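Just the one chain here, the form predicted on its own, laid out as structure tokens.
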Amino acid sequence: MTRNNQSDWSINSWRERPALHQPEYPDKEALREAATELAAFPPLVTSWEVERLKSRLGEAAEGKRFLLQGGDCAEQFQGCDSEVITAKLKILLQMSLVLVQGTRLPVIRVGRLGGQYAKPRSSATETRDGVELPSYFGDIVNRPAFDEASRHPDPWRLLRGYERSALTMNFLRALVSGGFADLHHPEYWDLAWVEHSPRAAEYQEMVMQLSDAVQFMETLTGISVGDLSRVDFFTSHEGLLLEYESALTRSVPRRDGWYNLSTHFPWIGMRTAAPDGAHIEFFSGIRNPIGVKIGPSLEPHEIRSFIEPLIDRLHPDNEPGRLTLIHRYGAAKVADHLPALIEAVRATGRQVLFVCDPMHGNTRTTDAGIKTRRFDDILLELEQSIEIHRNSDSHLGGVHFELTGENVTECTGGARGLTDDDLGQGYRSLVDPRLNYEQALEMALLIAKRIGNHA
């Protein structure tokens, strides 16, 4: 069992620590009332689902499984739509099947959805044309329109976030348990983009090989891929808003400790990962598997002094599957930083699951002021991460993408060769750019080939 190093941990002990990137609610009484109402609602996930995921993540840390984690940078309430949710599930299932072929490992599917409604901001306020208003912290806090009414942090939006999460998870469970599995047949794969790639023949062959392998497995076992995937989809989000996360944290009958039942797999962003901060305090006492983002703000010579107390707080008992470190260095910095992270973890004697987030470290701004990411930079960081882990006698156990199942134009490159000039055609994200359906599937095909070459 994971123990907190402090005997006085409680569901509210985080309130005694500095809590960064929390919205400032003007109406404290309304916040208290909203949190009290939220705490009385049913949980969104169950403790046995959480424990099942933790067990599988433990196997991934040992090299026996591979984690695919992906979804929106920040969900919007209006995205609680059947077509949008289905598109996200479809691309994650397709990517997972491709990765199964490449890694020869069972793939753990985790969606960044059903609760990814809050985002940290570099500044608490935003100024336009001399007008200063609260920053947009995500739909669970306020609205994106730049006016006083929209940007006012509204604690009752916490309940709307819960409701949207519940609706999303209910629909996901229905899709997965209902045999949403014809995806493995080639005619259901949208491969029109392949003709634009110099690898067109290679991609078509890989998909046909995948279809043949799936059909062979079904014939051999008598079990359809749909049946095999029914219980293997989990949800995750950044555990940023501690009022929300603590309200949905429960003590469960016949189990020790406390579970955050807002999601299966919460993570801590780099901006809120201070070992003496409120987020680490809260996460240290919950039984969920947890992730921590690690970025280049820590220089290689500083990483050990950060990692040791972090792991002592969050992973004192070396429980399998408990801690995932999600490194997000960027293609230009991963070679300098990642080896130091691997060695710092090794020095603690604890086992963690290493996952690469190749999105955040590769964000850039165009001349027109649009945030975007290059497909080739994302791929390059992943390729380097695979090699660095291999050369360090470690292994990359998963990938973490910001993506959508829709054909937006937010990242450049890929088979169609999208450029900065193409971004205006379908840029829908309010926060960070995402891989679109075509780019995400192409990325999976390329990663599968690269990992397969080392299998």
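Fair warning: this is a prediction, and the values are worked out from it, not measured in the lab. One rule holds for the numbers: they count along the sequence shown, beginning at 1.
Below, we turn to the form predicted in complex with phosphoenolpyruvate (PEP), even though it does not appear here.
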Using heavy atoms only and a 4.5 Å cut-off, determine which of His315, Arg374, Arg271, Arg287 is in contact with phosphoenolpyruvate (PEP) in the predicted bound form.
Arg271
Phosphoenolpyruvate (PEP) in the predicted bound form has a heavy atom of only one listed residue within 4.5 Å, and of Arg350, Arg157, Arg109, Lys119 that residue is Lys119
Though only this chain appears here, would Glu410 touch phosphoenolpyruvate (PEP) in the predicted bound form if you measure heavy atom gaps against 4.5 Å?
no
If we define contact as a non-hydrogen atom of the residue within 4.5 angstroms of the partner, is Arg151 a contact of phosphoenolpyruvate (PEP) in the predicted bound form?
no
Can you check whether Leu248 is within 4.5 Å of phosphoenolpyruvate (PEP) in the predicted bound form, heavy atom basis?
no
Would you please decide whether Trp267 lies within 4.5 angstroms of phosphoenolpyruvate (PEP) in the predicted bound form, comparing each non-hydrogen atom pair?
yes
Phosphoenolpyruvate (PEP) isn't shown here, but in the predicted bound form, which of 339-347, 96-104, 119-127, 305-313 has heavy atoms within 4.5 Å of it?
119-127
If we check phosphoenolpyruvate (PEP) in the predicted bound form, which of the residues in 311-348 reach within 4.5 angstroms of it by a non-hydrogen atom?
Arg328
